[in-house]
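Only one chain comes next, encoded as structure tokens, the form predicted on its own.
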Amino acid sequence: MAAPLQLYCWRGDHGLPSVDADCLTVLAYAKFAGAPLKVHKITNPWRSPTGILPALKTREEGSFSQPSKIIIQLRKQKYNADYDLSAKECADTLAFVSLLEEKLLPALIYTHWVDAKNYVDVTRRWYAENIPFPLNFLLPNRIHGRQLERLRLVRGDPTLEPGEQLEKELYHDALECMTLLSQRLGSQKFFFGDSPSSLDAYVFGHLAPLLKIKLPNGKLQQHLNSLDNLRQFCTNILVLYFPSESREAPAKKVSNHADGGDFDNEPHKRRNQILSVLFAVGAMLGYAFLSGIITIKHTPARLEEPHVDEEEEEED
């Protein structure tokens, strides 16, 4: 019997099977297509076969990242949620997915990763509290940088910098995109009738975090909540396909860390400051040794010179 397909993704929270939009897209598509995945919900992307989440590990084809590539691999394994779509519906799927990535995705990246209040109070805090030590001091900032580069790539501007004008443009496009999706969905259960497709997976992946993760600056959330059919669309998918996750997440994390969490409260503050400094110093020393900036010279000891102060200075 062939080994099952293995999917590595960020773990869930806030009543979601995963906190990450790309992971949600793949998880939803796999459910829609009936793919028998062995799912690894983790908080350390370095544990995945590609070092990135989501990642699909197959026995014959190797490992893949990015939702589009993972979905292609699932289709090759005969798990196709779009099997019953007409040619026109397949064309509409491509058009709407492109619309999502061009108009909605940049605003979602901005609201979660660039907006200062949302990033500090919600996004960075979640990753810092859930990524294992000591990587929680390193990976959140690295992911933040990667998301900013992704925003620049999607917008086609390598020098793009956050600002009020950029936010205004991104949110304008996103509101129009959500309104258009609402009009296309209408009163249907899914975008092409009674059965979900890859378009439903992409829309769910993009909108569900916006619906469920409470943000201090919630301009996009307010508009999504005003679109009853889209809000119900996300809720129905959670209830039907992720029933164990569909309940609201406990409020203990918000209440316990409302004033700054472990990183800002005693007695944890001093401990984490010391540990972060030690980790940073260790990382810099390790880099210095590996890159040859610091070297250790081995000199045979002589009886008349029992002290080796020079070597001790280099080790420090």
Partner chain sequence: DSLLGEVLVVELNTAEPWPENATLYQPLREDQILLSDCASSLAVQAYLRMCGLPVRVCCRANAEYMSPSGKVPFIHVGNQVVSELGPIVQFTKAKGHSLSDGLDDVQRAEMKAYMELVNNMLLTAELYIQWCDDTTSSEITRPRYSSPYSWPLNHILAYQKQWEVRRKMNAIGWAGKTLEQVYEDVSQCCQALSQRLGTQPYFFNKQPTELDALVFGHLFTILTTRLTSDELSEKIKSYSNLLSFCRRIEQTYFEESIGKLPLGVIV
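Positions refer to the first chain, counted from 1. We call the rigid core whatever largest set of C-alpha positions still superposes within 1.5 Å between the two forms. Note that this is a predicted model, so its numbers are computed, not measured.
What comes next is about the form predicted in complex with its partner chain, which is not displayed.
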Every residue in K117, K219 and L227 with a non-hydrogen atom within 4.5 Å of its partner chain in the model of the complex?
-> no
Option from 154-162, 76-84, 134-142, 235-243 whose residues, in the model of the complex, bring a heavy atom within 4.5 Å of its partner chain = 154-162
Residue within 4.5 Å of its partner chain in the model of the complex by heavy atom, from W113, F96, W126, F190, is F96
Indicate whether its partner chain has at least one heavy atom within 4.5 Å of a heavy atom of Q66 in the model of the complex.
-> yes
Is D92 one of the residues lying within 4.5 Å of its partner chain in the model of the complex, judged by heavy atom distances?
-> yes
Exercise: K214 in contact with its partner chain in the model of the complex, heavy atom 4.5 Å | no
Does any heavy atom of K103 come within 4.5 Å of a heavy atom of its partner chain in the model of the complex?
-> yes
Check each residue of 178-193 against its partner chain in the model of the complex and list those with a heavy atom within 4.5 Å, in sequence order.
-> L180, Q183, R184
After the core is matched up, is the C-alpha of K76 off by 2 Å or more between this form and the one not shown?
-> no
Could you check whether the CA atom of E169 moves 2 Å or more between this form and the one not shown, using the rigid core for the fit?
-> no
After fitting the core, R150 CA displacement of 2 Å or more between this form and the one not shown | yes
